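What follows is one chain in structure tokens, specifically the form predicted on its own.
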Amino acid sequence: MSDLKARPAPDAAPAAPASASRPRPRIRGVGEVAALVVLVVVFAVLNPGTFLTLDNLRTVLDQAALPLVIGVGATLVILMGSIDLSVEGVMGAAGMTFVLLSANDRNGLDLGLGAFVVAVAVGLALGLLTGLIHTLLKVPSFIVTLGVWYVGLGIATLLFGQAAIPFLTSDGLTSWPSDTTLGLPHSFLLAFVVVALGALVSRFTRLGRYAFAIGADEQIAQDNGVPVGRYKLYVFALAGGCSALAGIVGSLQLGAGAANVGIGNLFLTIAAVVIGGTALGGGKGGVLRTALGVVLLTVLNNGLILSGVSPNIQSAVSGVVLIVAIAAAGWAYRGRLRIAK
């Protein structure tokens, strides 16, 4: 993957007048909200009896839950100017761990809440492994997280084994994601809490501020006393924990263990982060904007399904949307950006 790096301005460049250098005020998220409104109107017209219903709203919120949870960690990683491709592998490893440590039809183990704790710890450990290799060995995050993806997938495959699919035997567990409180599915309520906490962390804590600073200019951040390596570890571990939580919820939705429980979530999450306005080069964006991108893409996919569009065409449309979003995000900076291969 290519990284976008801003070219430093020449030292001898004359200073621009204050009125010229001051950026024009812009209401954040207006374009995304407008696109969401357009999608809702279009799909409501195309599917008048099915799209604007409470049942479909719950379906959309349930479908958005996993990428919302993953998006919190992914956004913080991208804010640092890095990338996390390990999502699906971590989800598989954590999901299989959770299922095999909960009440299931393969073994006699049932650790209750302990299964949740151990599964999240697996994600944290894989995220920490990513951070250590990236910071100590100076391996690009693209390469490290790609490798950790397959490490997690290998762990999940080993845990799955050659026996029959392990099904969860607790009806309370398997029905929890789709059960509702105040009319909203529990999976979405959990995602809402995670997004709210992620927004608070990114805006009001040192971890969030340092993620922005590292993404804006890592060397300047380090020169100003920011322990860059340590906070990269924290962010990658947090991202691993978010992926693990998503793997647990995905396994509950399936009602069984599956090594590929995270399939398809990486592309959707990265696309949502970019569409939401978080710069791939780091230093700009936010968790709430990613949440808006997730909702937009989820509504798009849901509307295409209700309209009877082929899955192949759905993938093509999602790819076009992602390309257009990246081009639009980088257009304003095209004169001072370069591609670092």
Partner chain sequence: MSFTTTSRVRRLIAGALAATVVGTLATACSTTSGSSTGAAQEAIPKEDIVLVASVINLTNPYMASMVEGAKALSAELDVPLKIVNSNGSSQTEISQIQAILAEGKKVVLMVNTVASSDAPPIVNAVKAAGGYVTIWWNKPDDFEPWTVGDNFVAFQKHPGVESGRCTGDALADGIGDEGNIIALPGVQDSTTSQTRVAGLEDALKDHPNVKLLEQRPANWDQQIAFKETQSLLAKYGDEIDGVWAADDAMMLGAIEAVKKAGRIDDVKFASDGLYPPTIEMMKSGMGDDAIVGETFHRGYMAAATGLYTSYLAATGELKVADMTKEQRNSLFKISCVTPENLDEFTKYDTDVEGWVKQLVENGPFDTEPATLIGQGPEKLPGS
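A quick note: this is a predicted structure, and the numbers were derived from the prediction, not measured. Residue numbers count along the first chain shown, from 1.
Quick note: we don't show the form predicted together with the partner chain, though the next part is all about it.
- Among the residues Gly255, Gly147, Gly229, Pro140, the one placing a heavy atom within 4.5 Å of the partner chain in the predicted bound form is Gly255.
- In terms of contact with the partner chain in the predicted bound form, the residue from Ile78, Val235, Val261, Ile270 that brings a heavy atom within 4.5 Å is Val261.
- For a residue to qualify, one of its non-hydrogen atoms must sit within 4.5 Å of the partner chain in the predicted bound form; all three of Gln63, Ile165 and Gln314 qualify.
- The partner chain in the predicted bound form is approached by Val309, whose closest heavy atom lies within 4.5 angstroms of it.
- The partner chain is not drawn, but in the predicted bound form it has a heavy atom within 4.5 Å of Ser175.
- Using a 4.5 angstroms threshold between heavy atoms, Phe160 counts as touching the partner chain in the predicted bound form.
- The partner chain is not shown here, but in the predicted bound form it comes within 4.5 Å of a heavy atom of Ile305.
- Proximity to the partner chain in the predicted bound form, taken as heavy atoms within 4.5 Å, picks out 245 to 253 from the listed stretches 111 to 119, 245 to 253, 82 to 90, 132 to 140.
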